[in-house]
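Shown below, as structure tokens, is a lone chain in the form predicted on its own; questions about how it binds or moves come after it.
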Amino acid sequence: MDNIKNENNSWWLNHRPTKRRLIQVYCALLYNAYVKGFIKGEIYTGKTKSVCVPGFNCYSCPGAVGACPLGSLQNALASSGNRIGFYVFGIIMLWGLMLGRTICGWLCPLGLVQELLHKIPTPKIRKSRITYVLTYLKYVFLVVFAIAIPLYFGLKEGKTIPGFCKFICPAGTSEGAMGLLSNPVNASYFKMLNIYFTRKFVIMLIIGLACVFCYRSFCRFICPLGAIYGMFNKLAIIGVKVDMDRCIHCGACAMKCKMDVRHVGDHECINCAQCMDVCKKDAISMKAGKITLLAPQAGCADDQPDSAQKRARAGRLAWAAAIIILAAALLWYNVFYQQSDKPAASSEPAATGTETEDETGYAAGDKLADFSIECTDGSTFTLADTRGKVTIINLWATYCGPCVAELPYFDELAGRHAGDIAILAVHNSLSKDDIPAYLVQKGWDKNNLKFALDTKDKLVWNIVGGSASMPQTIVLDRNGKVIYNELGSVSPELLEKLYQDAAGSNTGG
């Protein structure tokens, strides 16, 4: 029995999660505390979504309760022609000065995924001069995809194009797109997929496969956020520090490190503190200023007799506080918080009967609630004034490629049936783009549609059951009843059919 217990203890000692691994898991849970989003297949859109978390975590992940700093940076750059994103630049600098690449090593969910993939038993590619040179690629990705593309399209065309998110980001594909598509309630999203998703899905698979063979491939060679934080590494308050009085410059720390570091704490160091285990002189520790967070086995040179006990006590208090914060977050987002945005209704006809015939709602068969909204041309669109006509409401955004591509179809439909149709295109209120200027640039300010920017309280969005996904089309018959309410792109043929269906509807008023 003693032998069995010893074997079990030995297995646990060799396989138990480290403090760093527990913190990585903790951060992944805290960043994605809206567990209800995975169950309902919806994106959290509350107030904390405007707050940037430190690590890489997709804004569109169903569980995400904060914004990704890299995505926020790209949106700020794209909107720099109209406003300067002081908050975004400031918060990234704050995270960098406080933590540097400690964020990559301890607080980034994508870093956790990469490390778990690398645990798959396969031959591994060790670091070399070639991998060191490749680490500079992430600065190319930063300049081209995260800075140049958003700036170019934002300043030249008035469009918000987050280049890295749109063309490369594996977190956007795995957490955002696949997180939503995996829920059956979002089955209609599949018809919205295009070549961009296919390309990004392939890129995600390639990056994931690379991480199996090469430690943290995305982090080392691609991640623009890691490139930014790396610039702050030497200035960061929290990080791995070397006691130069103890160090004998043997190079064991850099040699054993799986990242492409030349010395502890350089721009490639993620401050994981694993080098502490190989330092025979106990010269490496992790500190926050003068406060020791992790000490070597023999302690630090400036330790007092009770320093180890104080660190242990502070650690227990920190974990207790962290657990309370996580529990409070999970309770708030999943029990007490009520999402204001509603998922789009199905286009299946509602059951007929006197009890629902005059019900106000956004499902097929319901009568859409009346509203008035100011249009970009200065006029006011009032839904009640469109009675007797076929009415179409389209939810769109300048940064939504399928939305922009299909708007000319609505214009053509309005031209063919002038006098018998009213079409309102409502832009998402989250965007800071200059919508009137964008319409002028595209030549759409003189077409047959009415354009409006939804109000801050999402007046139209809530009335029609809009969500964070676009485009969405709602078709009303002459009596103001919904006959169609679906996410996804529409074709000219489908729009014509929907018009004919709505025009010939004989539903009662």
Partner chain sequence: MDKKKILLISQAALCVLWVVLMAAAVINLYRQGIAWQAQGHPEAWIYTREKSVAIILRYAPVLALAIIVNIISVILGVRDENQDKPSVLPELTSLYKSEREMASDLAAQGAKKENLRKIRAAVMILALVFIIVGIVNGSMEDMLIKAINICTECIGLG
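The term rigid core refers to the most C-alpha atoms you can superpose between the two forms while keeping them within 1.5 Å. If you're wondering where the values come from, they're calculated on a predicted model, not measured in any experiment. Numbering follows the first chain given and starts at 1.
We do not show the form predicted together with its partner chain, though everything after this point is about it.
Let me test this: is every residue among 187, 264 and 494 within 4.5 Å of its partner chain in the predicted bound form, going by heavy atom positions? Yes: each residue has a heavy atom within 4.5 Å of the partner.
Counting any heavy atom within 4.5 Å as contact, can you tell me which stretch out of 324 to 332, 139 to 147, 416 to 424, 206 to 214 lines its partner chain in the predicted bound form? Within 4.5 Å of the partner lies stretch 206 to 214.
Partner proximity in the predicted bound form: residue 198 to its partner chain, non-hydrogen atom cutoff 4.5 Å: So residue 198 counts as contacting its partner chain.
Would residue 447 show up as a contact with its partner chain in the predicted bound form if we use heavy atoms at 4.5 Å? Contact with its partner chain, no.
Check residue 251 for me: does it contact its partner chain in the predicted bound form (non-hydrogen atoms, 4.5 angstroms)? Although its partner chain is absent here, residue 251 would touch it in the predicted bound form, with heavy atoms inside 4.5 Å.
Interface membership of residue 94, its partner chain in the predicted bound form, 4.5 Å heavy atom rule: The answer is yes: residue 94 has a heavy atom within 4.5 Å of its partner chain.
Taking its partner chain in the predicted bound form as the reference, which of 387, 281, 367, 118 has a non-hydrogen atom within 4.5 Å? It is 118.
Go through 437, 255, 318, 291 and name the one with a heavy atom inside 4.5 Å of its partner chain in the predicted bound form. Selected residue: 255.
Go through 173 to 199 residue by residue and record those having a heavy atom within 4.5 Å of its partner chain in the predicted bound form; state none if no residue qualifies. The stretch 173 to 199, when checked against its partner chain in the predicted bound form, contributes 173, 176, 177, 180, 181, 182, 183, 184, 187, 188, 189, 190, 191, 192, 193, 194, 195, 196, 197, 198 at the 4.5 Å heavy-atom cut-off.
Under a superposition restricted to the rigid core, does residue 471 display a Cα displacement of 2 angstroms or more between this form and the one not shown? Moves: yes, 2 Å or greater.
Classify residue 29 as shifted (yes) or not shifted (no) between this form and the one not shown, where shifted means its C-alpha moves by 2 Å or more with the rigid core superposed. It does not, since the residue 29 C-alpha is displaced less than 2 Å between this form and the one not shown after the core fit.
Superpose the two forms on their rigid core, then report whether the C-alpha of residue 458 is displaced by 2 angstroms or more between this form and the one not shown. Where the cores coincide, residue 458 still shows a C-alpha shift between this form and the one not shown that is 2 Å or more.
Classify the change in Cα distance between residue 150 and residue 405 in the predicted bound form as closer or farther, relative to the shown form (magnitude of 3 Å or more). Residue 150 and residue 405 sit closer together in the predicted bound form.
Quick one: with a 3 Å or larger change, is the residue 402 to residue 145 CA distance smaller or larger in the predicted bound form? Answer closer or farther. Compared with the form shown here, the C-alpha atoms of residue 402 and residue 145 sit closer together in the predicted bound form, by 3 Å or more.
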